[in-house]
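In structure tokens, one chain follows: the form predicted on its own.
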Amino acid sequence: MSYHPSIALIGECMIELRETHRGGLTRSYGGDVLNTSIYLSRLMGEDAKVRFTTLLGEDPFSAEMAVAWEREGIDCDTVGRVTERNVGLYFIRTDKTGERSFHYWRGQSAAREIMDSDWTSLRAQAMGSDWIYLSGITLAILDDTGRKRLLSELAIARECGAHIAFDGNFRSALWTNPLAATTWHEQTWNLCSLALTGVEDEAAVFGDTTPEASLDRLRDHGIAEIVIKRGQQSILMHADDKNQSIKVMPVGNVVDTTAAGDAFNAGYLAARLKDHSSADSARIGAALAAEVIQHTGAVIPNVHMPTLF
């Protein structure tokens, strides 16, 4: 019998409103960790148990999301429901070059309560996975008590053999104190076996002046595998006890850069779970990201998924 790993991705999903070129709006849903969950589920199929770990409300949008995730093959056994709560909302504007700006309404989001004691058993199920994935936004939506509990549970999971993957995704608007972001990111890096982060995020949180400085700092945390994304510039990596630079093929038709990093992470993780080398995994992640940025929205239609394996 072949081994099928489990991976729990802890985060938040929100309603996504997008302005069209004619001034109208389209509605979908997304969130950095959720985007990675969907792409990872599509790539792994039945070869892995992909869990999205979050809380939803009792509103119609929450019900719609859960149904859609199950259709994507995501296991929802670590999705809880909170009465008198709903899901957050964000609005995207995209400029002529495909770069986007975000505006958020997430104060009543149920996912902010994921670390409350009411959800201990749900989290225990997630923490029992082979892999646990989270992002800087996962940290940002929690209060300090929730962050302490999350890191404590991650430390226990790591001691029990789980691999921790962290994307240092940073949104300054979610942190009232920049120093707090630095402190919590640093503590999370101490627990990681895989770093998947962006050069701009590390510069914003830690003040790194070069990608190489970020790589050296992350190595000081004892992280065995480090991937630093740099848009359409080469990917900087440390794996197998050596530094590498992986070229990225340029994309001429950039429509929307939303979820590019999330898609890369899914491609990289899927490739590693399928026993590809770290370098090949980076190329596979970049290939998926390249396809995603040629479409609007965080999650592209399944028919546009490239053949990567």
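When you see a residue number, it is the position in the sequence shown, counting from 1. If you're wondering where the values come from, they're calculated on a predicted model, not measured in any experiment.
The protein also exists as the form predicted together with adenosine-5'-diphosphate; that form is not presented, and the subsequent description refers to it.
Contact here is defined as any heavy atom lying within 4.5 Å of adenosine-5'-diphosphate in the predicted bound form, and by that definition each of 235, 254 and 260 is a contact residue. Proximity of residue 13 to adenosine-5'-diphosphate in the predicted bound form: non-hydrogen atoms within 4.5 Å are absent; the residue sits far from the partner. Using a 4.5 angstroms threshold between heavy atoms, residue 128 stays clear of adenosine-5'-diphosphate in the predicted bound form. Interface membership of residue 248, defined by any non-hydrogen atom within 4.5 Å of adenosine-5'-diphosphate in the predicted bound form, is confirmed. Residue 264 belongs to the set of residues with a heavy atom inside 4.5 Å of adenosine-5'-diphosphate in the predicted bound form.
With the partner omitted here, the stretch from 111-119, 224-232, 150-158, 175-183 that lies within 4.5 Å of adenosine-5'-diphosphate by heavy atoms in the predicted bound form is 224-232. A heavy atom within 4.5 Å of adenosine-5'-diphosphate in the predicted bound form is found for exactly one of 88, 136, 198, 211: 198. The partner is not shown here, but in the predicted bound form the stretch 274-309 reaches within 4.5 angstroms of adenosine-5'-diphosphate through a heavy atom at 286, 289, 293.
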